[in-house]
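Take a look at this one chain, the form predicted on its own, written out in structure tokens.
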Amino acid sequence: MRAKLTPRGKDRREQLLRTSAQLFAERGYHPTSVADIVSALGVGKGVFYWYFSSKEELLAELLKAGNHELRKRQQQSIGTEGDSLRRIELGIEATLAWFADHRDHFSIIQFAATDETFAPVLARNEQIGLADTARHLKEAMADGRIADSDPDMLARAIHGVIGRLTRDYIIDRGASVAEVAELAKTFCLRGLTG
């Protein structure tokens, strides 16, 4: 990608990202070609290669950008909340709502998890999310709100619950985000507080 983009260039790049996300989710990553992406936008291949060197680079960027958007939604939801356990609840709600709004991204993550090419990006995204959750857990432990335990392990447990509920209920069954969030919060926090 070029170092500095004009506002128009930024818009075009975003169009490429959105269109490819939709096509990857609908058709799959491998069956979708660069030609399919640019055809859907009505532009030439040169436009694609101005912004991305390859389809692999584009998918890696989708994964990074999606994780950034998810974290931004979580941070906006959490705001200045002082209660560490409430921050975890708000983070759970924001995560489920974001994936409900970005089902295509969930499909892309599921594919990327099957291809070693994208393992470093997924691992980095996961580490960022786990560190955020572990930070809130450590604070809750320091405040005596939950028993001392391995915050990394607890963060992984929470992420596992959220990932599974997202896939099985939000994505596959179209369940209510509020209903799934309530179940997830109750399950995770009762498990933490005894």
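Start at 1 and count along the sequence shown; that's the residue number. The shown structure was predicted, so the numbers you read here are calculated from the model rather than taken from an experiment.
Missing here is the form predicted in complex with a further copy of the same chain; even so, the following discussion is about that form.
- [ ] Work out which of the listed stretches, 35-43, 122-130, 48-56, 64-72, brings a heavy atom within 4.5 angstroms of a further copy of the same chain in the model of the complex.
- [x] Careful reading of the contacts points to 122-130.
TODO: Find out whether any non-hydrogen atom of Q76 is located within 4.5 angstroms of a further copy of the same chain in the model of the complex, and reply yes or no.
DONE: Q76 lies outside the contact set for a further copy of the same chain.
Open item on the list: Can you work out whether A147 and a further copy of the same chain are in contact in the model of the complex, taking contact to mean some heavy atom pair no more than 4.5 Å apart?
Closed with: The answer is yes: A147 has a heavy atom within 4.5 Å of a further copy of the same chain.
Open item on the list: Residue-level contact is defined here as any heavy atom of the residue lying within 4.5 Å of a further copy of the same chain in the model of the complex; does R173 satisfy this criterion?
Closed with: Result yes; R173 sits at the interface with a further copy of the same chain in the model of the complex.
Open item on the list: Whether R167 contacts a further copy of the same chain in the model of the complex should be assessed with a 4.5 Å heavy atom distance threshold; does it?
Closed with: Output for R167 is yes: heavy atoms within 4.5 Å of a further copy of the same chain.
- [ ] Output the sequence-ordered list of residues from 151-177 with at least one heavy atom within 4.5 Å of a further copy of the same chain in the model of the complex.
- [x] Contacting residues: D152, M153, L154, R156, A157, I158, H159, G160, V161, R164, L165, R167, D168, Y169, R173.
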